[in-house]
Each structure stands twice: as C-alpha cells, then as structure tokens.
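Take a look at this single chain, the form predicted alone, given in structure tokens.
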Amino acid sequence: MTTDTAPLTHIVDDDEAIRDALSWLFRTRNVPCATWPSAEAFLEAWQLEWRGCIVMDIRMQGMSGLDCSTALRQRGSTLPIIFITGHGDVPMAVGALKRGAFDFIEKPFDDNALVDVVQSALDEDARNQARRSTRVDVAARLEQLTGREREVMGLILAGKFNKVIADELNISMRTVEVHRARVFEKMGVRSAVELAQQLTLAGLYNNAAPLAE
C-alpha cells in the first residue's frame, strides 16, 4: 500500500496468489506497483492526485471491480482501469469498456500482453496529466485577459481580420492591433494559429474555421 503520487500500477485483487504473481511480474519489468486485497481497501486509501493505472479483478469478495470503478469515477478518478476477467465475465468486461474502462485481460493471461496493456495505460494517464496541466496553465492565462481582449480573441479565433474586427466592435484598427498584441503576449503565443493550437490542446477550443494572421 502507498500514498506516493509517483505513477504506480495498482493491483486490486482478493486472491493473494494473484497479487503476488502480478507484483512480481511488474517489478521484474520495472513497472512500479502497489497491491490491495480488496476494492474497499483501495477506495479507502485512494487519493485524487494518484497517477498510474489500476489492474483489478472484475469479481471479488465484497465490492466487485465494476462497483469499485463506478465509485472511482464518481469521485473524479481518471486512472485507467484494466479488468482481469474469467471467461464467463467477458460480456461484463465488454460492458465496462463501453462505460470507460481502459481494457480487459482474460484469464489465463499472457504476461507480455498484460505488461503491454499496462504500459499503454500508464502512457495514457501521462498524456491525460499533461493535458490537465496545460488546461490549468491556459485557464490561468485566460484569466489575465480583459473583457475587450476576450472579445477580440474570439473574433481572431473566428478567422476575422483586423478591419472586420474593428468594424464589428466599432473601434479603430490601431486599437484592434493593440488588443491583438496584448492577447498574444498574455497567452504566450506569436500567432492566431498558435493561439488556436494552445486552446485546442487544453480542450478549450474546437472551431475548425480558418484563422487570420
């Protein structure tokens, strides 16, 4: 068990032999991991800032893996979940995929295949974390913009040229140029294209309209 925030593969299974086997497998492949004897134990210790992924049996004594995954999502967890399933649990696991599970591995599983899936899940979590960090940074930059600068930015992102923006806002071309420069400076970009890319990466923009430089 752990409270570390470094990326970890959390093994949640009520079978001690499975926990030991998976722990040994991951450690021999240089995949840091932690083990949990039940869904309840994992939920009690879980922290929102944890990074990594979860490898969890879909059926356990007490709370099931599916119920645990539902509880985690309700608490805001974004950790990718890989379910370990028996043959009869495959339809259940497929349903879990539709509700957001990362993948499932059927027993008896191939060691290499499981490690590959876990590494993909860890990579996915790293990408998600990077997107979240970008979103926080961009949101902070947006907070620095004045109301007028936000108006100008919106028209820039709509692909409108300075003259059109000036006419729509009933301000001079020179004023538009000043606002545009301030928007670029505060957002840390050099062009409308960079601005759109930044906002898109942060999940704050999805308009495909052509952009005016």
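Quick caveat: nothing in here was measured; it's all calculated off a predicted structure. Rigid core (definition): largest C-alpha set, two forms, superposition within 1.5 Å. All residue numbers are counted from 1 along the displayed sequence.
Absent from the display: the form predicted together with the DNA. The rest refers to it.
- The closest non-hydrogen atom of residue 173 lies within 4.5 Å of the DNA in the predicted bound form.
- Although the partner is absent here, residue 177 sits close enough that one of its heavy atoms falls within 4.5 Å of the DNA in the predicted bound form.
- Among heavy atoms of residue 162, some come within 4.5 Å of the DNA in the predicted bound form.
- Residue contact check for residue 149: one or more of its heavy atoms lie within 4.5 Å of the DNA in the predicted bound form.
- Across the options 105 to 113, 84 to 92, 124 to 132, 139 to 147, residues that bring heavy atoms within 4.5 Å of the DNA in the predicted bound form belong to 139 to 147.
- With the core held fixed, the Cα of residue 152 is displaced between this form and the one not shown by 2 Å or more.
- Relative to the superposed rigid core, the position of the CA of residue 192 differs between this form and the one not shown by 2 Å or more.
- In the predicted bound form, the Cα atoms of residue 194 and residue 123 sit 3 Å or more farther from each other than they do here.
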